[in-house]
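Quick setup: the structure tokens below cover two forms of a single protein chain, split into structure 1 and structure 2.
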Structure 1
């Protein structure tokens, strides 16, 4: 059911998709869809919750290679792998501002942003880390979405990891400049 919903959300947008449309795509009644999900917001949350849960787990792992080590930032390749695992949902959310503005996702996004920025950059949140963290998140997600669908995942992983490493190097340079 979630795959059909994601297909329709991607084709018609969140607002342009109805529970009846999802039922029609599945060849079931609207009541059958309603039995599992009472609203489109519930479906949207069910689509993104696995990615959110995984990211929270990665951000919270104390011994993970993804956790910052004394402000050095995370293993960018690990974050890129995460993005690649959730590419389809990320692609949809990047294109549908209406879905991203739904209260159920706004709340989740606010919960995640600071943790993910800290995971990427290390250290405590300040103006500089917030700026660079946001830029890094946007750059990696944007590059992932801009990649042609026919490129190899190996090539894409290498390029995104390299991009992330360059951004983290830029952040470290900015942090050193600020200390002087």
Structure 2
């Protein structure tokens, strides 16, 4: 059921999808959907929760390679692996602002974004890190979405890691320049 919901959310947006539409796609009655989920928000949360939990867990693990190392930023490869594991959900959330602005997600979304930016860039949040942090997350998600379907996952992992590392280096350079 969650797969069918993600298909429809991706095609029509969160607000353009109805419980009836999800039932129709599955070939079941609306009552059958309602037996599992009472609202679209519950479905959205069920779709997104595993990715949120995993990111919070990774961020909390000292040896995961995802913790910032004295402002040097995280091991980008860990975040790329994470993105590749949650590829469809990540692509969907990047491209449907109405989903991320649902009350069930809005607080978690802001918290996660801040946490990932801090993990990636290290150090304190300021205008510059907000800009580069958001650029890095969007660039990785955009590249993931644009990746031709016939490229290998190995190729994609390497290129995305390269891209992320390059952006981190750019941020550090920009931050140094602003300090002088």
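If you're wondering where the values come from, they're calculated on a predicted model, not measured in any experiment. Positions refer to the first chain, counted from 1.
Here the form predicted together with a further copy of the same chain appears as structure 2, and structure 1 shows the other form of the same chain. For the relative rotation of rigid parts between structures 1 and 2, the listed residue sitting on a hinge is 49 (options: 158, 49, 25, 142). The chain behaves as two rigid units between structures 1 and 2, and the smaller unit swings by 13° against the larger after C-alpha superposition.
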